[in-house]
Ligand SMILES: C[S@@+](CC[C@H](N)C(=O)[O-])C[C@H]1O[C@@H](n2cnc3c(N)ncnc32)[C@H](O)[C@@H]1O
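The chain below stands alone, shown as C-alpha cells; this is the form predicted on its own.
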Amino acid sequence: MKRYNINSFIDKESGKKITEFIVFEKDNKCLIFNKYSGHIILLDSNYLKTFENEKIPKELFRRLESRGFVENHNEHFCNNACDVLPEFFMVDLTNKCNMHCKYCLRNVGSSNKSISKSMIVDICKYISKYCEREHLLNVSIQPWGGEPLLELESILLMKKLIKPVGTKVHFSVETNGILLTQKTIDKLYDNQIAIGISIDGFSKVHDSQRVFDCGKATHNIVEKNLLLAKEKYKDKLGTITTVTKNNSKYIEEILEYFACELKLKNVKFNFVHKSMFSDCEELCLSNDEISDAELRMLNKIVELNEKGYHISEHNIKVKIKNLLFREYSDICHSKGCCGGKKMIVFDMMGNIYPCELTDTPTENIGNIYDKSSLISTVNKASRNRDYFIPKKANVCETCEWYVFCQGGCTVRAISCGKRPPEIDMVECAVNKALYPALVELILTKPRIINLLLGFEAL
C-alpha cells in the first residue's frame, strides 16, 4: 500500500483552499484522509490526477467540502473535544468478588462493603432528574463492582427506578460468569439487561489468570454458564478478554475457540495495564508486543470471516467506524478519553468520578448531594483538575491518528505514573499498527469490512 501526502493548494475552479491530506493507495483505489478532521473519502486512483492539476470537478469538490477538506470548513471539524453531556453512568454496587484475578484493576477483597438501598434510590433519582433536565433521548447504565451479580437485587431495583420521562435507558452488566444460573439469566433477560461475560480464552490460558480466591480454576464454570446465557441472548451476548503475557501468544487459538466452538459473534479484547491494587506488571506487554498482538488479532478475525465465522471485535469495529463515518460511538476510542464528559461513575457514598478506574480521593469531582448540577460539577473539575488537561506529546504532532485517540486512555496513563498532558503509550502502539491495516482492508476487502460492521457500509 502506497502512502503519501498532498500539500494544500488553491482549487482553480472554486478559488478555495483544499487542505493538506494523506493518500493511501492500493489496487487502483485510494483513500484520502484528513488528519485534522478524521474524515475520509474513497476514490478511484484516476481521481488523483485532478489533485495534481489543482482543478477539482464540482461533484468531487462538494464531497471534499462536506467532509472538511476545504479550509473554510476546517475550523469546525478540527474541534474534536467531547462536549460535556454525560450519557453513560456506572454505579459501584460492591467491593465483594467471588474470584481473584491476577490483574484485577480494583481494590476488591479489601472489604465486604455493598451499596445501601437508600443510596441506590438517591443515585437513581439523581440520574433520572439529570436526564429529564437535559432532555436526553438515550442513556446507558452499567452496575458494577467487584462482581455485580452478587448484588442482583440492587441491579433489578435500579432497573425499576431509573425511568426518566422521554429518555430510553439501556442497561448492561459485565460479569465473571460464575453466578449465571438459569434463574439469574432469565431475570436479566426479562428485565432487558444486556450482559458481557469475562473469559480469557480456553481453559489453559483462562485458568492461568482468572481463578477463585483459593486458586481453583474457573474456566469450566464460566464456559458452561456462558453457553447457557447464549441460549437466551443468542448473538447479542458479548464477551471481554484481557490480553496479557499469559495469553497473547495464543490469540489466534483463542479466536478459533470463540468462533468455532462457542459460536460467538461479539468479542472484546483489552490489553492489561498496571494497577495501583495488584502486582501485575509481569503480565503487561511491551508496546511492540501490543502492536504485534493487535495485528495478529485482526488478521485472524479476517481469516475467520472469510471462512464463514462472522465474529467481530468491539474495539476494531469502533475504529472502522471512526475511519468511515467519523462518528462518536465509543467513550474511549472515538474522540479520545471522554471520562467525565460523556461518562460518570458513582461510588457507594454518592461520590462522582470521571471513570470507573479512578475511584480514589484524588480524582473525586463531586457528590450527588452537592447543590450544583452534574454539568456544572464537571465543568468546574475540568478547569482545576489535571485529569481533564488535553494530552499531547511530540510524537502526536505528526501522527495522523491523533484526531481519534487524543492521547489515549487517561486512566492507563495515570496507572503508569503519568499525569496529563502525558499520553497513553498503549493506545499509541495499538493505533499506529491497527489504523493503517484497517485502511488497507477498506481498500482491498470491503466485503470483510461490511461483515465486521454487521451492515453494508461499502
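One-based numbering along the sequence shown. Computed from a prediction, not measured in an experiment: that's the story for all the values here.
Although it is not shown, the form predicted in complex with the named molecule is what the next lines describe.
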### Query
Is there a heavy atom of Glu147 no more than 4.5 Å from a heavy atom of the named molecule in the predicted complex?
yes
### Query
Does at least one non-hydrogen atom of Ile240 fall within 4.5 angstroms of the named molecule in the predicted complex?
yes
### Partner proximity in the predicted complex: Leu105 to the named molecule, non-hydrogen atom cutoff 4.5 Å
yes
### Message
Can you work out whether Lys319 and the named molecule are in contact in the predicted complex, taking contact to mean some heavy atom pair no more than 4.5 Å apart?
### Response
no
### Summary
Note: the named molecule not shown here; in the predicted complex, the stretch from 154-162, 137-145, 335-343, 112-120 having heavy atoms within 4.5 Å of it is 137-145
### Task
Given the named molecule in the predicted complex, answer whether the residues Glu174, Ser198 and Arg210 all have a heavy atom inside 4.5 Å of it.
yes
### Message
Looking at Ile301, Ile127, Val91, Val272 here, can you tell me which has any non-hydrogen atom within 4.5 angstroms of the named molecule in the predicted complex?
### Response
Val272
